[in-house]
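Before any questions on how it binds or moves, here is one chain, the form predicted on its own, in structure tokens.
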């Protein structure tokens, strides 16, 4: 347990510490005081709606990171979550604005549409990977670009879009589709669908650690040949992993869309998918680790405003995020080697003790044999 805890906790802590050190050096070179900058970042959490914004942002990041982590468990690099969540979001908003249903049911239908749309878009690289051996990295990168074009087309006024305040949107959702949040007064309002991240996190943990499907998925990722020999259909697992990944990615934008914006615009935030990859790496596909990474990412996003207010370039936050991504890989490798060295020492000590006992017994046996002769 101690070793496992160290392997889970120590690498991200080392990565964050190294990123902070690197950013501190960058601040010194720019003429700023690192302690003042980091102090402003921490103090920002207690200002206005910052804490609630971090929770809301963390919930969104958590969903997209879980989508990436599902693929990672299968050794699949689903870069396409960026395109999958955008396709799902615009499709769900178009359908949601075109139908009229009772409150609650309306939002539920929109969620189902988003799940199906995300899964279907992920099915394209899944089928190409399973039946044609096409790298999911290449196919999903191309599909991300295609998704941008598809979204732009669907937002055209002569298709499904509307021009409002110099921005193209899918139109306003009726009130029956709105999902109320959890009001905290002056501190802000937590998105009601932010609870989806909690449900998804628990479901992910149970799926990967307490079900046969999760075991087969991880086994197929470790060795498709061995899994096939054990009766697991590797192709089916590839498709299943990608579909689940796309379905979760489809939910990513809904907390914001149903809880605050109520429409999809051409200016809707981009980059969630790529942040999700970094967060999944930081959390090493562990449900708890991903939660830590998601909140950290949301905190860094929010703290950029604090840096800007004190005259420090907010790009420092981008440097820190990039440094975390780079250093987390190195940190995990360092910890892995530390564990391997510790294990080798332990085995060596056990073998030394065993050999020592054996050496004590061997002369006695030889002597006894000589006496008999």
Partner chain sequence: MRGTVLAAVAVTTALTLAGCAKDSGAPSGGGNASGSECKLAPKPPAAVASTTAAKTPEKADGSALKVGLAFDIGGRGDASFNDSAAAGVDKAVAELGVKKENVKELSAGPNEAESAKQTRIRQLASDGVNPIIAVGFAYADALKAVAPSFPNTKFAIVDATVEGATNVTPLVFAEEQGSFLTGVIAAYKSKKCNVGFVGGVETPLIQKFEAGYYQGAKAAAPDIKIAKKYLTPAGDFTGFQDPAKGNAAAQGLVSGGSDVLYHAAGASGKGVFTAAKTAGVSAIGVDSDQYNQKTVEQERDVIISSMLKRVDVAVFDYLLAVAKNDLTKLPKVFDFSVGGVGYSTSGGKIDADLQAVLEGYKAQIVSGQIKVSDKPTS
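Positions refer to the first chain, counted from 1. What you are looking at is a predicted structure, and each value in this text was computed from that prediction instead of being measured.
As for the form predicted together with its partner chain, it is not shown, yet the points below apply to it.
With respect to its partner chain in the model of the complex, the three residues 91, 225 and 235 uniformly fall beyond 4.5 angstroms at the level of their nearest heavy atom. Residues of just one listed stretch (305 to 313, 320 to 328, 24 to 32, 344 to 352) have heavy atoms within 4.5 Å of its partner chain in the model of the complex: 305 to 313. Proximity of residue 260 to its partner chain in the model of the complex: non-hydrogen atoms within 4.5 Å are present.
The closest heavy atom approach of residue 148 to its partner chain in the model of the complex falls within 4.5 Å. For residue 164, a non-hydrogen atom is located within 4.5 Å of its partner chain in the model of the complex, even though that partner is not displayed. Using a 4.5 angstroms threshold between heavy atoms, residue 265 counts as touching its partner chain in the model of the complex. When you look in the model of the complex, the only residue of 272, 160, 204, 297 with a non-hydrogen atom within 4.5 Å of its partner chain is 272.
The listed set 95, 137, 116, 168 contains one residue whose heavy atoms approach its partner chain in the model of the complex to within 4.5 Å, identified as 168. Contacts between stretch 46 to 76 and its partner chain, counted in the model of the complex as any heavy atom lying within 4.5 Å, involve 49, 53, listed in sequence order.
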